[in-house]
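Listed next as structure tokens is one chain, alone, in the form predicted on its own.
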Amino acid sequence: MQIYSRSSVAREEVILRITVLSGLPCYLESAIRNGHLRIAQERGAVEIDIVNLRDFAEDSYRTIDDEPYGGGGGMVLKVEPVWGALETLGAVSEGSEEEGEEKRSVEKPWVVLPTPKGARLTQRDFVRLSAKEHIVFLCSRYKGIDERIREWVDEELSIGDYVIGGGEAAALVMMEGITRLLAGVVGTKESVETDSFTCGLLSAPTYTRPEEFMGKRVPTVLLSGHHEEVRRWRRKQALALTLARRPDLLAELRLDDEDQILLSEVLGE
């Protein structure tokens, strides 16, 4: 088994372990060396390993997919290499770790299959998954997986109502969303707490220097230094934006008295 580990910290210091099973490890390697994924690994918040499914193939050609029984287009991910990889990771049985002469039980890796057949991914899924000890993303390509593999999958998630070439891109989306919630990865806690969907609303508009560009100025309230007015403006803008673009989110949100007043102002305008 060939594993590409980008973490330089001891396992005891790591909050979350992520393993990606893929037949295209090169697709993922650059991505996990950059952005929040790089920062999360450098700060010891996550350990990311990429396992090449071809290392578990049973023939000299390292074949991991085959034509579907019954005919039809596309190729199907085979059972054997997936079983071999998951068994090695302890994802098909209760795990344990050596501790002196004793063994202690550990949480079985949580196997996630990115697939259009899965439940639609939400921010709540990122929050829930960020509390896991070990997540395994199983990436298939083309036509999908041999149906028997689903017996070993804990959860199926879809990043949207469309089809792409394989699960690697979807796994990267989920890894980004999960790791940025881990302690110490994003610079300020407020940045995460005010993200779209996290607080129930879309984020308010943001601006930075210069104050004016081609006749378009930054809203005066943001330059005022009046923190309460800025907070109120941002909340009102978030309500207005959510009402215009995602009214379904407002229907699920419990609005307090201030929100009701701000929303009334938005409707009046």
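Just so we're clear, the structure is a prediction, and the values are computed from it rather than from any experiment. Residue positions are given as counts along the sequence shown, with the first one as 1.
This next part talks about the form predicted together with a small molecule, which is not shown.
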{"query": "Candidate stretches 69 to 77, 150 to 158, 127 to 135, 177 to 185, one within 4.5 Å of the small molecule in the predicted bound form by heavy atom", "finding": "150 to 158"}
{"query": "The small molecule contact at Ile145 in the predicted bound form, heavy atom, 4.5 Å", "finding": "no"}
{"query": "In the predicted bound form, Ala170 touching the small molecule (heavy atom, 4.5 Å)", "finding": "yes"}
{"query": "In the predicted bound form, Ser196 touching the small molecule (heavy atom, 4.5 Å)", "finding": "no"}
{"query": "Gly166: touches the small molecule in the predicted bound form, heavy atom cutoff 4.5 angstroms", "finding": "yes"}
